[in-house]
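Take a look at this single chain in C-alpha coordinates; it is the form predicted alone.
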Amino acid sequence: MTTISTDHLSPVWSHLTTIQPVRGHGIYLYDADGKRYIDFTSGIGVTNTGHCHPHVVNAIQEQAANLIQGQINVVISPSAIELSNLLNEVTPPHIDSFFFSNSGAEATEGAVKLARAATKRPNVIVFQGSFHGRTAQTMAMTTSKTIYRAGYQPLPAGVFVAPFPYSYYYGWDGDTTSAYCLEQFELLLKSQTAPFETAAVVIEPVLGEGGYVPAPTRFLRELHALCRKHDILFIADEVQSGFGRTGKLFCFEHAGITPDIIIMAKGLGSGMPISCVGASHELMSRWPVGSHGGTYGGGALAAAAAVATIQVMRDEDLPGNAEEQGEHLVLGLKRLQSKFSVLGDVRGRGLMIGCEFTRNGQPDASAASAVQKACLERHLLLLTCGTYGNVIRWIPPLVVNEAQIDEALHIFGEALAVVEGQSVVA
(Lines give C-alpha, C1' and ligand atoms only; values in the text may rest on other atoms or scores of the structure.)
Protein backbone atom coordinates (compact mmCIF):
# COMPACT_ATOMS: atom_id res chain seq x y z
CA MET A 1 0.00 0.00 0.00
CA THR A 2 1.29 3.44 -0.93
CA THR A 3 1.74 5.53 2.22
CA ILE A 4 3.26 8.84 3.23
CA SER A 5 5.07 9.19 6.55
CA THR A 6 2.94 10.52 9.40
CA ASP A 7 5.94 11.24 11.64
CA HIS A 8 5.21 14.95 11.79
CA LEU A 9 1.58 14.66 12.84
CA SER A 10 0.96 15.23 16.53
CA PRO A 11 0.59 11.93 18.41
CA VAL A 12 -2.30 13.37 20.42
CA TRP A 13 -4.59 12.15 17.65
CA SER A 14 -5.89 8.62 17.96
CA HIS A 15 -6.26 6.76 14.66
CA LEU A 16 -8.69 4.03 13.68
CA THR A 17 -6.54 3.19 10.65
CA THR A 18 -3.45 4.30 8.76
CA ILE A 19 -5.41 4.41 5.50
CA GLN A 20 -4.62 7.51 3.45
CA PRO A 21 -7.56 7.95 1.08
CA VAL A 22 -7.05 9.98 -2.07
CA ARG A 23 -10.68 9.89 -3.20
CA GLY A 24 -14.16 9.51 -1.79
CA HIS A 25 -17.47 8.83 -3.50
CA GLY A 26 -20.80 8.12 -1.82
CA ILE A 27 -20.21 5.63 0.99
CA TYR A 28 -16.73 4.68 -0.26
CA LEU A 29 -13.14 5.79 0.29
CA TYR A 30 -10.30 4.82 -2.06
CA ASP A 31 -6.56 4.77 -1.36
CA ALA A 32 -3.77 5.49 -3.86
CA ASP A 33 -3.67 1.82 -4.88
CA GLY A 34 -7.38 1.81 -5.67
CA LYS A 35 -8.45 -0.25 -2.67
CA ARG A 36 -12.06 0.49 -1.74
CA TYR A 37 -13.32 0.87 1.82
CA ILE A 38 -16.92 1.07 3.00
CA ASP A 39 -16.98 4.15 5.22
CA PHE A 40 -19.69 3.66 7.83
CA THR A 41 -18.08 6.33 10.03
CA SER A 42 -19.03 9.26 7.76
CA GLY A 43 -16.09 11.20 9.20
CA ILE A 44 -17.83 10.78 12.60
CA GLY A 45 -21.26 11.79 11.36
CA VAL A 46 -20.12 14.53 8.96
CA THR A 47 -20.56 13.28 5.38
CA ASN A 48 -24.31 12.74 5.60
CA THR A 49 -24.65 13.56 1.90
CA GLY A 50 -21.91 11.05 1.10
CA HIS A 51 -18.35 11.73 0.08
CA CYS A 52 -18.07 14.42 -2.57
CA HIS A 53 -21.75 14.79 -3.44
CA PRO A 54 -21.68 16.52 -6.85
CA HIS A 55 -24.06 19.31 -5.84
CA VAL A 56 -21.95 20.14 -2.79
CA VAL A 57 -18.72 19.91 -4.79
CA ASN A 58 -20.11 22.25 -7.45
CA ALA A 59 -21.22 24.76 -4.82
CA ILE A 60 -17.75 24.75 -3.23
CA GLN A 61 -16.01 25.11 -6.60
CA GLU A 62 -18.22 27.96 -7.73
CA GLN A 63 -17.88 29.79 -4.42
CA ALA A 64 -14.09 29.32 -4.31
CA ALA A 65 -13.78 30.86 -7.76
CA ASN A 66 -15.63 33.98 -6.61
CA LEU A 67 -15.06 34.60 -2.90
CA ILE A 68 -13.42 32.32 -0.32
CA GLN A 69 -13.65 34.45 2.80
CA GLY A 70 -15.58 37.51 3.82
CA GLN A 71 -15.07 38.16 7.52
CA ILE A 72 -18.56 38.65 8.89
CA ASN A 73 -17.66 41.59 11.17
CA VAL A 74 -16.33 43.44 8.14
CA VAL A 75 -18.49 42.29 5.24
CA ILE A 76 -21.33 39.77 4.99
CA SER A 77 -21.04 37.13 2.30
CA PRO A 78 -24.21 36.40 0.31
CA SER A 79 -23.82 32.68 1.06
CA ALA A 80 -24.01 33.36 4.82
CA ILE A 81 -27.25 35.28 4.30
CA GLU A 82 -28.60 32.52 2.08
CA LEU A 83 -27.72 29.92 4.70
CA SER A 84 -29.45 31.87 7.47
CA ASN A 85 -32.59 32.15 5.33
CA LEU A 86 -32.54 28.46 4.51
CA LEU A 87 -32.05 27.46 8.16
CA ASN A 88 -34.98 29.71 9.02
CA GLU A 89 -37.10 27.59 6.67
CA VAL A 90 -36.11 24.20 8.12
CA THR A 91 -36.03 24.97 11.86
CA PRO A 92 -39.06 25.57 14.13
CA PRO A 93 -40.77 28.93 13.47
CA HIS A 94 -39.41 30.63 16.60
CA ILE A 95 -35.81 29.68 15.72
CA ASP A 96 -35.13 32.58 13.39
CA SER A 97 -31.64 33.87 14.27
CA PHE A 98 -28.35 32.09 13.62
CA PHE A 99 -24.73 32.46 14.72
CA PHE A 100 -22.05 30.58 12.76
CA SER A 101 -18.83 29.02 14.07
CA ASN A 102 -16.43 26.31 12.90
CA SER A 103 -16.93 23.27 15.15
CA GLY A 104 -19.42 21.60 17.45
CA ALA A 105 -17.44 22.56 20.54
CA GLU A 106 -17.39 26.20 19.45
CA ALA A 107 -21.13 26.19 18.87
CA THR A 108 -21.71 24.58 22.25
CA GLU A 109 -19.59 27.23 23.95
CA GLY A 110 -21.60 29.86 22.10
CA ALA A 111 -24.91 28.32 23.15
CA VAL A 112 -23.86 28.28 26.81
CA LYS A 113 -22.64 31.88 26.62
CA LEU A 114 -25.92 32.89 25.01
CA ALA A 115 -27.95 31.11 27.67
CA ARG A 116 -26.00 32.71 30.51
CA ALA A 117 -26.13 36.16 28.95
CA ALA A 118 -29.86 35.92 28.20
CA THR A 119 -30.97 34.56 31.58
CA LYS A 120 -28.36 36.18 33.84
CA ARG A 121 -28.04 32.75 35.47
CA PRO A 122 -24.67 30.95 35.89
CA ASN A 123 -25.37 27.21 35.86
CA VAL A 124 -26.07 24.56 33.23
CA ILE A 125 -27.23 20.96 33.55
CA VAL A 126 -25.87 18.18 31.32
CA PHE A 127 -26.41 14.43 31.39
CA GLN A 128 -24.33 11.42 32.28
CA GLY A 129 -22.63 10.01 29.20
CA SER A 130 -22.69 13.32 27.36
CA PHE A 131 -20.08 14.49 24.90
CA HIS A 132 -20.07 18.20 24.07
CA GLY A 133 -16.45 18.83 23.04
CA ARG A 134 -12.85 19.16 24.20
CA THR A 135 -12.44 22.90 24.80
CA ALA A 136 -12.34 24.00 28.44
CA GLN A 137 -16.06 24.77 28.77
CA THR A 138 -17.16 21.73 26.82
CA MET A 139 -14.76 19.41 28.69
CA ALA A 140 -16.54 20.51 31.86
CA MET A 141 -19.79 19.41 30.20
CA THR A 142 -18.49 16.09 28.86
CA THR A 143 -19.00 12.95 30.97
CA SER A 144 -18.77 10.11 28.44
CA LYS A 145 -15.14 9.21 29.21
CA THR A 146 -12.47 10.50 31.58
CA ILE A 147 -9.90 10.63 28.76
CA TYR A 148 -11.57 13.77 27.44
CA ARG A 149 -11.03 15.71 30.68
CA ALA A 150 -8.47 13.89 32.83
CA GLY A 151 -5.50 16.06 33.78
CA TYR A 152 -7.12 19.35 32.77
CA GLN A 153 -8.69 20.36 36.06
CA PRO A 154 -9.76 22.82 37.23
CA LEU A 155 -12.45 23.11 34.59
CA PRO A 156 -15.09 25.86 34.37
CA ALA A 157 -17.58 25.71 37.21
CA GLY A 158 -21.35 25.83 37.17
CA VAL A 159 -21.92 22.48 35.40
CA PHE A 160 -24.18 19.87 37.02
CA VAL A 161 -24.79 16.32 35.83
CA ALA A 162 -28.14 14.51 35.79
CA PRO A 163 -28.67 10.81 34.93
CA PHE A 164 -29.48 10.00 31.29
CA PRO A 165 -32.30 7.48 30.64
CA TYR A 166 -30.02 4.65 29.50
CA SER A 167 -32.51 1.80 29.82
CA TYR A 168 -30.15 -1.04 28.86
CA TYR A 169 -27.61 0.07 31.47
CA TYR A 170 -30.22 0.23 34.22
CA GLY A 171 -31.91 -2.97 33.09
CA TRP A 172 -35.34 -1.31 33.06
CA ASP A 173 -37.94 -0.51 30.44
CA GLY A 174 -38.11 2.95 28.93
CA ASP A 175 -40.93 4.24 31.12
CA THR A 176 -39.33 3.06 34.37
CA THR A 177 -35.98 4.54 33.38
CA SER A 178 -37.57 7.83 32.30
CA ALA A 179 -39.52 8.13 35.55
CA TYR A 180 -36.40 7.53 37.64
CA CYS A 181 -34.27 10.00 35.69
CA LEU A 182 -36.95 12.68 35.81
CA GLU A 183 -37.20 12.24 39.58
CA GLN A 184 -33.43 12.57 39.83
CA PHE A 185 -33.51 15.69 37.70
CA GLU A 186 -36.03 17.31 40.02
CA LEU A 187 -33.92 16.22 43.00
CA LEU A 188 -30.92 17.93 41.41
CA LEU A 189 -32.93 21.17 41.18
CA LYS A 190 -33.67 20.86 44.90
CA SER A 191 -30.23 19.80 46.06
CA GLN A 192 -27.50 21.15 43.74
CA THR A 193 -28.59 23.96 41.42
CA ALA A 194 -31.79 25.90 42.08
CA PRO A 195 -33.96 26.85 39.10
CA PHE A 196 -33.33 30.55 39.66
CA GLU A 197 -29.59 29.98 39.12
CA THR A 198 -29.92 27.47 36.25
CA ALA A 199 -29.61 28.99 32.79
CA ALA A 200 -30.09 25.91 30.64
CA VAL A 201 -30.32 22.18 30.20
CA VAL A 202 -28.09 20.85 27.41
CA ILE A 203 -28.97 17.41 26.08
CA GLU A 204 -28.08 15.17 23.15
CA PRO A 205 -31.39 13.58 22.03
CA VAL A 206 -29.24 10.54 21.26
CA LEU A 207 -26.06 10.16 23.28
CA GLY A 208 -23.14 10.20 20.85
CA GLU A 209 -19.79 9.25 22.36
CA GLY A 210 -21.71 8.01 25.38
CA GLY A 211 -23.02 4.97 23.52
CA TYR A 212 -25.61 5.86 20.87
CA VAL A 213 -28.47 5.80 23.35
CA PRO A 214 -31.73 7.47 22.25
CA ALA A 215 -33.58 9.36 24.97
CA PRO A 216 -37.15 8.02 25.24
CA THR A 217 -39.82 10.34 23.86
CA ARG A 218 -41.52 10.52 27.25
CA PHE A 219 -38.31 11.68 28.90
CA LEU A 220 -37.66 14.44 26.38
CA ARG A 221 -41.23 15.72 26.57
CA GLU A 222 -41.37 15.78 30.37
CA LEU A 223 -37.88 17.25 30.66
CA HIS A 224 -38.92 19.96 28.21
CA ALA A 225 -42.03 20.64 30.34
CA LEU A 226 -39.91 20.92 33.51
CA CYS A 227 -37.67 23.44 31.77
CA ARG A 228 -40.73 25.47 30.79
CA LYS A 229 -42.05 25.29 34.35
CA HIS A 230 -38.83 26.70 35.80
CA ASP A 231 -37.94 29.12 32.93
CA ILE A 232 -34.83 27.08 32.17
CA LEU A 233 -33.70 27.16 28.55
CA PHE A 234 -33.82 23.82 26.71
CA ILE A 235 -30.77 23.39 24.46
CA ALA A 236 -30.74 20.50 21.97
CA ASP A 237 -27.21 19.41 21.05
CA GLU A 238 -27.86 18.14 17.53
CA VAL A 239 -24.18 18.13 16.54
CA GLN A 240 -24.19 14.41 15.74
CA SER A 241 -27.91 13.63 15.58
CA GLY A 242 -28.89 16.50 13.27
CA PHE A 243 -29.29 16.94 9.52
CA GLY A 244 -31.21 13.82 8.70
CA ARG A 245 -29.18 11.37 10.74
CA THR A 246 -32.10 9.99 12.80
CA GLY A 247 -34.80 10.00 10.12
CA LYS A 248 -35.86 13.61 10.61
CA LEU A 249 -33.86 16.74 9.94
CA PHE A 250 -33.44 17.18 13.70
CA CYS A 251 -33.80 14.43 16.28
CA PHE A 252 -35.89 16.50 18.71
CA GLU A 253 -38.69 16.41 16.11
CA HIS A 254 -39.38 12.78 17.05
CA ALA A 255 -40.56 13.98 20.47
CA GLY A 256 -42.66 16.84 19.11
CA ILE A 257 -40.80 19.43 21.19
CA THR A 258 -39.21 22.76 20.27
CA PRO A 259 -35.88 23.72 21.87
CA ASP A 260 -35.00 27.26 22.83
CA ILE A 261 -31.55 26.82 21.31
CA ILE A 262 -30.28 24.32 18.72
CA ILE A 263 -26.59 23.43 18.39
CA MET A 264 -25.68 22.32 14.86
CA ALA A 265 -22.43 21.13 13.25
CA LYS A 266 -21.01 17.97 11.61
CA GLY A 267 -23.61 17.11 8.93
CA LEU A 268 -24.35 20.77 8.24
CA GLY A 269 -21.39 21.27 5.91
CA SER A 270 -20.73 17.85 4.31
CA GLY A 271 -17.10 18.07 5.42
CA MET A 272 -16.53 21.80 5.40
CA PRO A 273 -15.92 23.22 8.90
CA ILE A 274 -19.10 24.99 9.96
CA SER A 275 -21.36 24.98 13.00
CA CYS A 276 -24.32 27.01 14.10
CA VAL A 277 -26.27 28.21 17.13
CA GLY A 278 -29.94 28.74 16.35
CA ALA A 279 -32.35 30.61 18.64
CA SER A 280 -35.12 33.19 18.51
CA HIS A 281 -34.25 36.75 17.58
CA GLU A 282 -35.64 37.82 20.96
CA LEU A 283 -33.21 35.54 22.77
CA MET A 284 -30.26 36.44 20.54
CA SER A 285 -30.94 40.14 21.12
CA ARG A 286 -30.05 39.67 24.80
CA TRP A 287 -26.50 38.67 23.80
CA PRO A 288 -24.33 41.81 24.12
CA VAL A 289 -22.94 42.92 20.77
CA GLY A 290 -19.28 41.95 20.44
CA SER A 291 -19.26 39.59 23.43
CA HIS A 292 -18.91 36.58 21.13
CA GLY A 293 -17.46 36.08 17.69
CA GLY A 294 -14.78 34.42 15.57
CA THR A 295 -12.71 35.02 12.48
CA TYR A 296 -14.08 32.27 10.26
CA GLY A 297 -17.69 31.87 11.39
CA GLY A 298 -20.06 32.52 8.49
CA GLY A 299 -17.24 32.31 5.96
CA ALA A 300 -18.35 32.28 2.34
CA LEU A 301 -16.96 28.87 1.37
CA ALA A 302 -18.29 26.85 4.30
CA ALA A 303 -21.65 28.62 4.13
CA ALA A 304 -22.01 27.75 0.45
CA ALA A 305 -21.31 24.10 1.25
CA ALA A 306 -23.95 24.17 3.99
CA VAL A 307 -26.55 25.69 1.66
CA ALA A 308 -25.88 22.93 -0.86
CA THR A 309 -26.04 20.31 1.88
CA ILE A 310 -29.50 21.38 3.03
CA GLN A 311 -30.70 21.52 -0.57
CA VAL A 312 -29.54 17.93 -1.10
CA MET A 313 -31.23 16.87 2.15
CA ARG A 314 -34.53 18.25 0.89
CA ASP A 315 -34.29 17.36 -2.79
CA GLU A 316 -33.22 13.75 -2.20
CA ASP A 317 -35.17 13.26 1.05
CA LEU A 318 -32.12 11.98 2.87
CA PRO A 319 -33.91 11.98 6.25
CA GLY A 320 -36.54 9.69 4.73
CA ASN A 321 -33.85 7.40 3.35
CA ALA A 322 -32.17 7.36 6.76
CA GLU A 323 -35.42 6.21 8.34
CA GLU A 324 -36.02 3.53 5.70
CA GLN A 325 -32.47 2.20 5.60
CA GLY A 326 -32.19 2.44 9.38
CA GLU A 327 -35.15 0.11 9.77
CA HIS A 328 -33.50 -2.35 7.37
CA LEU A 329 -30.19 -2.10 9.24
CA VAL A 330 -31.81 -2.67 12.63
CA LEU A 331 -33.66 -5.73 11.37
CA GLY A 332 -30.41 -7.18 10.07
CA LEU A 333 -28.57 -6.41 13.29
CA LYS A 334 -31.32 -7.97 15.39
CA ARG A 335 -31.09 -11.14 13.31
CA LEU A 336 -27.39 -11.25 14.10
CA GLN A 337 -28.15 -10.50 17.75
CA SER A 338 -30.29 -13.66 17.90
CA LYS A 339 -27.28 -15.70 16.73
CA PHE A 340 -24.43 -14.11 18.68
CA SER A 341 -24.78 -13.85 22.45
CA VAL A 342 -22.07 -11.17 22.73
CA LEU A 343 -24.36 -8.70 20.96
CA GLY A 344 -26.33 -7.52 23.98
CA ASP A 345 -28.34 -4.59 22.64
CA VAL A 346 -29.25 -3.01 19.30
CA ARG A 347 -30.73 0.48 19.51
CA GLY A 348 -30.98 3.82 17.78
CA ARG A 349 -32.94 6.04 15.44
CA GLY A 350 -32.62 6.27 11.68
CA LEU A 351 -28.99 5.69 10.72
CA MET A 352 -27.61 6.39 14.19
CA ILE A 353 -27.47 2.83 15.52
CA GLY A 354 -25.50 1.37 18.42
CA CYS A 355 -24.62 -2.29 19.05
CA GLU A 356 -23.61 -2.90 22.67
CA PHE A 357 -21.34 -5.84 23.43
CA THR A 358 -21.72 -7.62 26.75
CA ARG A 359 -20.64 -10.89 28.29
CA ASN A 360 -22.20 -12.31 31.44
CA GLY A 361 -24.06 -9.04 31.89
CA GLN A 362 -20.89 -6.93 31.83
CA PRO A 363 -19.50 -4.57 29.18
CA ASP A 364 -17.19 -6.39 26.75
CA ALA A 365 -14.93 -3.81 25.13
CA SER A 366 -12.51 -6.47 23.91
CA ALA A 367 -15.22 -8.12 21.82
CA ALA A 368 -16.31 -4.79 20.34
CA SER A 369 -12.70 -3.97 19.47
CA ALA A 370 -12.10 -7.41 17.96
CA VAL A 371 -15.22 -7.18 15.80
CA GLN A 372 -14.25 -3.67 14.71
CA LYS A 373 -10.78 -4.94 13.75
CA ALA A 374 -12.19 -7.92 11.84
CA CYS A 375 -14.51 -5.57 9.94
CA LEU A 376 -11.58 -3.31 9.10
CA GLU A 377 -9.67 -6.30 7.70
CA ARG A 378 -12.66 -6.76 5.39
CA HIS A 379 -12.60 -3.07 4.40
CA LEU A 380 -15.60 -1.96 6.50
CA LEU A 381 -14.88 1.08 8.67
CA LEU A 382 -16.85 1.24 11.93
CA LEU A 383 -16.25 3.20 15.15
CA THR A 384 -16.68 2.26 18.78
CA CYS A 385 -18.07 4.48 21.52
CA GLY A 386 -19.57 4.25 25.02
CA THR A 387 -18.09 4.90 28.42
CA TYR A 388 -16.71 1.35 28.50
CA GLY A 389 -15.76 1.32 24.81
CA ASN A 390 -18.10 -1.61 24.22
CA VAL A 391 -20.48 -0.11 21.64
CA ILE A 392 -20.02 -0.23 17.87
CA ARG A 393 -21.83 2.64 16.20
CA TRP A 394 -23.31 2.63 12.73
CA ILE A 395 -23.28 6.03 11.02
CA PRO A 396 -23.22 5.43 7.27
CA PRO A 397 -23.75 8.30 4.84
CA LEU A 398 -27.45 8.94 4.38
CA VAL A 399 -27.18 8.14 0.65
CA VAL A 400 -26.60 4.46 1.48
CA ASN A 401 -28.86 1.88 -0.16
CA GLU A 402 -30.21 -1.50 0.90
CA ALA A 403 -27.64 -3.54 -1.04
CA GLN A 404 -24.78 -1.62 0.55
CA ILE A 405 -26.23 -2.16 4.02
CA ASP A 406 -26.61 -5.87 3.28
CA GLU A 407 -22.94 -6.04 2.28
CA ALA A 408 -21.93 -4.34 5.52
CA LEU A 409 -24.18 -6.67 7.53
CA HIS A 410 -22.57 -9.69 5.88
CA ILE A 411 -19.11 -8.42 6.83
CA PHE A 412 -20.29 -7.67 10.36
CA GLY A 413 -21.70 -11.20 10.63
CA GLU A 414 -18.39 -12.66 9.49
CA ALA A 415 -16.58 -10.58 12.09
CA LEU A 416 -18.95 -11.69 14.85
CA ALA A 417 -18.43 -15.32 13.83
CA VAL A 418 -14.66 -14.93 13.99
CA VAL A 419 -14.84 -13.37 17.45
CA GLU A 420 -17.25 -15.97 18.82
CA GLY A 421 -15.44 -18.79 17.01
CA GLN A 422 -18.53 -19.86 15.10
CA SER A 423 -19.14 -20.65 11.46
CA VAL A 424 -20.41 -17.84 9.30
CA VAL A 425 -24.16 -17.41 9.63
CA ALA A 426 -24.70 -13.89 8.24
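Predicted, not measured: the structure shown is a model, and the values here were computed from it. The first residue of the sequence shown is number 1, and the count goes up from there.
The discussion below concerns the form predicted in complex with a small molecule, not included here.
So in the predicted complex, does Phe131 come within 4.5 Å of the small molecule, heavy atom to heavy atom?
Result yes; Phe131 sits at the interface with the small molecule in the predicted complex.
Can you check whether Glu204 is within 4.5 Å of the small molecule in the predicted complex, heavy atom basis?
Yes, contact at 4.5 Å.
4.5 Å heavy atom contact, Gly110 to the small molecule in the predicted complex
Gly110 lies outside the contact set for the small molecule.
Quick one: does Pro214 come within 4.5 Å of the small molecule in the predicted complex, counting heavy atoms only?
Heavy-atom contact with the small molecule at 4.5 Å: absent for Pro214.
Looking at 81-89, 331-339, 254-262, 238-246, which one sits within 4.5 Å of the small molecule in the predicted complex if you count heavy atoms only?
Among the listed stretches, the partner-contacting one is 238-246.
Check each of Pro319, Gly354, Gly298, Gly104 and return the one that places a heavy atom within 4.5 angstroms of the small molecule in the predicted complex.
Looking at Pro319, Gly354, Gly298, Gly104 one by one, just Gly104 meets the 4.5 Å heavy-atom criterion.
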